[in-house]
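Given as structure tokens, the chain that follows is alone and in the form predicted alone.
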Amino acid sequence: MKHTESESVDWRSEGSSAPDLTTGERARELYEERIRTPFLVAWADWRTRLGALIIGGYLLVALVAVLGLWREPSTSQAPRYLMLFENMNYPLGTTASGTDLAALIIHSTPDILLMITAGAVWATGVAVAIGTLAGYKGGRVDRTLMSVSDLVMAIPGLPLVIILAVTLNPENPILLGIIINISYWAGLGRSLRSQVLTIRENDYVEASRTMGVSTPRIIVKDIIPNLMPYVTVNFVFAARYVMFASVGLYFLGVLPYSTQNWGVTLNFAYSGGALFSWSAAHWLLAPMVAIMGLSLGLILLGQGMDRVFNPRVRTRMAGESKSTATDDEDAGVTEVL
């Protein structure tokens, strides 16, 4: 059966008009696709705006600490047990030793942000690599990688973290974030593998395979973009886990008190009787509010960014689809948060 030139399928259709575009037009097309459209999708969601505002606030606080724009915390630097806003030089009050509580919160923030970022990047990065490769390749590669994942999942996570923390005595927040999430990737990798088993049967993946496209390119171009909403949600989960786990371990005294952390402040507040004294309640509330605020910002930003990676939403925002699906339907996976 013969096919005319016009009837034949051009598998390079994505770049079929590329030779006719100038450098400026290519730059504008890339700007529209990679920057403007994702920004419009994200900005259209109030959760993204509020989440970005909250996370931006924490980044500013971290910058204040890094640049030394707020005093370092030290004992006897102020009257003891000042209440909230009682003295505007110490807006969050002071502790039993006369330490500025705002200084404790501010100078803990940079390490907290580094820790949760490192832990989340480690967990999701390893999970994406293991899950996509196992799901796409199948066979012996799949069995080997999933056996390793099962072995890691069988190891009790909290005792392993405590043993590593006591043995290594980590002071670097990046190393500490990786240690806390040392085995978090295993379960996420298995979940991603299940998603890839479905995606790899799609026509466009089969077409790329038939044309001899390399495995890394298929995984990067055809499979991972379809996993991004799921990956984004789990990135937020991993970051929150690092924050809660680190605060808990510092509060219990498992991790060294060599660095500032909201968990250390909570521990000292509890030891100082803040749980039973109204005059010292602010000592306990300040780090708790800081933890809740950062967690809320991560959740809202994660929900909003999920829409950026949703192909249906991006197509509609670009004006290329007449889909009448509601925003609530597009939110879909974000509701698990």
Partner chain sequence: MSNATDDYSDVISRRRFVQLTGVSGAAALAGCGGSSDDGGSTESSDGSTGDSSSTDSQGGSGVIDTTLTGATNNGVPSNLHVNPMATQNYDWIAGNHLFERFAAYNFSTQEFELAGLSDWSFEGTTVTLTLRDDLAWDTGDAVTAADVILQFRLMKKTGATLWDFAESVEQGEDDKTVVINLERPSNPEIIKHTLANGDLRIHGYRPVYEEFLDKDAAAIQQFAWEEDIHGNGPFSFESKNDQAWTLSRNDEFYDADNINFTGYELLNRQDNTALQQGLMGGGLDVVTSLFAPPKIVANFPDRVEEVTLPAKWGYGVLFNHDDEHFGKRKVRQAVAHVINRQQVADNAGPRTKDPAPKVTGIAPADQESWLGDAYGNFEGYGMDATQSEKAASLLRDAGYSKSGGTWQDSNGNALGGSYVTPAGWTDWTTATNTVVDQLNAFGFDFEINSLPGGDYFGAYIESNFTMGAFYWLPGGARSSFPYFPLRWQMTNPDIDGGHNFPEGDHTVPAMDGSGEMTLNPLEEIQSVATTQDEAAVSETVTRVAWHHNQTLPMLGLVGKFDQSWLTDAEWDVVSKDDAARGVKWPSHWLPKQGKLSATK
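Here the structure is a predicted model, which means the values were calculated and not measured. Positions refer to the first chain, counted from 1.
A second form of this protein, the form predicted together with its partner chain, is not displayed here; the remarks below concern that form.
Student: Contact with its partner chain in the predicted bound form for A239, defined as at least one heavy atom pair within 4.5 Å: yes or no?
Tutor: Looking in the predicted bound form, residue contacts with its partner chain do not include A239, since no heavy atom lies within 4.5 Å.
Student: Would you please decide whether I218 lies within 4.5 angstroms of its partner chain in the predicted bound form, comparing each non-hydrogen atom pair?
Tutor: No - in the predicted bound form, heavy atoms of I218 and its partner chain never come within 4.5 Å of each other.
Student: Residue-level contact is defined here as any heavy atom of the residue lying within 4.5 Å of its partner chain in the predicted bound form; does G57 satisfy this criterion?
Tutor: No, G57 is distant from the partner.
Student: Can you tell me whether G212 touches its partner chain? I mean in the predicted bound form, with a 4.5 angstroms heavy atom cut-off.
Tutor: Contact with its partner chain, no.
Student: Quick check on this chain: which one of V141, A129, V254, A207 has a heavy atom within 4.5 Å of its partner chain in the predicted bound form?
Tutor: None of the others qualify; the residue that does is V254.
Student: Report the residue, out of V152, L145, A118, A96, that has at least one non-hydrogen atom within 4.5 angstroms of its partner chain in the predicted bound form.
Tutor: If I apply the 4.5 Å criterion carefully, the residue I get is A96.
Student: Of the listed stretches (218 to 226, 231 to 239, 190 to 198, 71 to 79), which one has a non-hydrogen atom within 4.5 Å of its partner chain in the predicted bound form?
Tutor: Contact-bearing stretch, as computed: 71 to 79.
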